Every structure is written in C-alpha cells, then in structure tokens.
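Next up: just one chain, as structure tokens, the form predicted alone.
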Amino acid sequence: MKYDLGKKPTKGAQRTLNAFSETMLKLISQKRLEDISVSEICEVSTFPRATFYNYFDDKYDLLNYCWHIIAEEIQINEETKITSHGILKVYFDRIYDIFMENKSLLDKVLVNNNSSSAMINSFINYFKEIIHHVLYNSMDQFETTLPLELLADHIVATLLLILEWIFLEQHDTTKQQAHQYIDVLLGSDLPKFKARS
C-alpha cells in the first residue's frame, strides 16, 4: 500500500483518506469494480487525480485501504489467554459482527460483484492475511507437533469457508450455529494451550 499506515495522519490527510474510502465503498455498492475508474473516484470525492496518487497507486490500493479500515475494527489482543477454540470464536465473532453491521453494503456489493470477481477476491485475500497473522502469532502457545504454518493455514481456510458460506453465499446463520460449524469442521482435537511454567 502506498500510504504509510504506520504513521498517524494529519486531520487533513484523514479527511482525504475518509473521502476516498467512502467514495470507493459507495461506488462498489453501485457497480462492478472493473467499471470504476480513478477519474470517477476523484470526481465523486471532489479531489484532483494528483491528490489521489499522493495516497494510492491505483484503485486496488484504495480498495486495500478500505479493507484495512474494516479490519481495524476486528483486531483482538494476541495475548488473550483463553482456550484455542475460545480464541477462534472470539475472533470469528468480531468478524461476524462487522459483516452483520455492514450487511446492507455487502448485499449491494454482491449484486454487482459476483463471488468470483476481483473485488470479492481482494476482500477474501486481505482478510485471509489478517486472520493468518493473528493466529500464527498466537500459535506458539499451542501444544502441537504440526508445523505452525500448516495449522494456521488450515484454521484460516476453515474460518473463511464458514464466513464465505454465510455472507457471500448468503445462508442465514446465527453466531451459535456458526460456532457449531467451527467445532465440527475443526474438530475437538484442535491443539490446547501449553501449560505456563
């Protein structure tokens, strides 16, 4: 991403970032990502192209910034000390809640961007990286002989499978039902936490 997410933006920069991200979310709820141009984003947000390119390389870079904003709302403390299934469910619940809060936007986006579109793939890949990062960084607390990378990949794939089934394929599912799916698909043999010495 061109914009440095590690630095605190000025008020002016934050207003500009908000305008571009709000415009992108509005536009993807109205049309396919492939039909959106940087010129249109600038016209709707009332900023010149030069300003856009000060912050983003292209519309895909802006889209990743939009995913970043959504992902910030679902971060959990990686030091949380609960069972392995508990961590998964806490994290899953936060993602589930964010998706439910944005369900009307997601439904509009899906009207114009099918589940195999570039926009949906961008969304899934971004969240796959975020979930993988958090899980992998807490894996050293698990008792397992499996390679941690393999275990993290397996868990992430399962959680995303459930989230895609609920929100992209639009199967009405309660959080409690989703927890049952996690239990069945991941099994009761998910590694437990190591005992602290």
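So that there is no doubt, residue numbering starts at 1 and follows the sequence shown. Here the structure is a predicted model, which means the values were calculated and not measured.
If you look for the form predicted in complex with another copy of the chain, you will not find it shown, but the lines that follow are about it.
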* To do: Report yes if any heavy atom of N121 sits within 4.5 Å of a heavy atom of another copy of the chain in the model of the complex; otherwise report no.
  => yes
* **Distance check, Y53 to another copy of the chain in the model of the complex, heavy atom within 4.5 Å** => no
* Quick one: does L185 come within 4.5 Å of another copy of the chain in the model of the complex, counting heavy atoms only? -> yes
* Taking heavy atoms only, is D35 within 4.5 angstroms of another copy of the chain in the model of the complex? -> no
* Quick one: find which of 23-31, 37-45, 144-152, 64-72 has residues within 4.5 Å of another copy of the chain in the model of the complex by heavy atom distance. => 144-152
